[in-house]
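Here you get one chain, nothing else, as structure tokens; it is the form predicted alone.
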Amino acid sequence: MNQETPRVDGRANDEMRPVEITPGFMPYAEGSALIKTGNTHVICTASVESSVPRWMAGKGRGWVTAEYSMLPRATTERVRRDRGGKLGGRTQEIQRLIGRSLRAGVDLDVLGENSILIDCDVLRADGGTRTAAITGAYVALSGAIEWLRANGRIEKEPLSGGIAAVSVGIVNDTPMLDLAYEEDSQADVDMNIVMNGAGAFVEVQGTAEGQPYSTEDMNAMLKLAKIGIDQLSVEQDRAIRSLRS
């Protein structure tokens, strides 16, 4: 493989874009965070409701779900808003991914009959919006959990470990970490990987846009993803500690 392919922003192939997570960004939400990964910026808010969906009522378990949207000018061209409850296929796919990923890090029995609704709104998009949303949403979720504990709504810690996500791919035969939009748009392989704090996989979404990829390629991308998620976990921990200090 060609390991010398230059990247659009001069990064090394195993280098993340600068990451910044600001917890408590939305003062009226029980939990929130603004996450910036390069030029991708996402606001994540967590709202607590003292109820669960009807199909879960009376079971003593909680629920975590997510919604995702992109502001009309988050990209170079205006994106139409979802209207009348009719979500686009991409939007539905992403918000289901966010919800599944977060639930993998929560003991719903400990949460009790409380729901946490996560809203992820993309302010600026430059690749990796769904992975940034998952990473920031976990910090917002942690803030909401702390609010529940501080208000006597739960006693034990329901979070079982961090949840973070990153994009990887193959561009010009070269595995790369944390693809910016220009790289993603020309990638031969595009992959989104979600992992927990123990380094186990929660979800792997990988697509060959052209030529199928090999086991060697897969392993190279998984290795890069682990590098990136380790860095994201450090930033998450820093943000969460500041919430609880």
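All residue numbers refer to positions in the sequence shown, first residue = 1. Owing to the predicted nature of the structure, the values given are computational and were not obtained by experimental measurement.
Just so you know, the form predicted together with a further copy of the same chain exists too; it's not on screen, but the next bit is about it.
Taking the partner from elsewhere, residue 206 is found to have a heavy atom lying within 4.5 Å of a further copy of the same chain in the predicted complex. Contact check for residue 150: every heavy atom lies farther than 4.5 Å from a further copy of the same chain in the predicted complex. Looking at residue 93, you'd find a heavy atom of it within 4.5 angstroms of a further copy of the same chain in the predicted complex. Residue 63 falls outside the set of residues with a heavy atom inside 4.5 Å of a further copy of the same chain in the predicted complex. Across the options 131-139, 151-159, 164-172, 118-126, residues that bring heavy atoms within 4.5 Å of a further copy of the same chain in the predicted complex belong to 118-126. Residue 26 is the only one of 187, 26, 180, 220 with a heavy atom lying within 4.5 Å of a further copy of the same chain in the predicted complex.
Shown here without a further copy of the same chain, the chain has 196, 200, 201, 202 in 172-202 lying with a heavy atom within 4.5 Å of that partner in the predicted complex.
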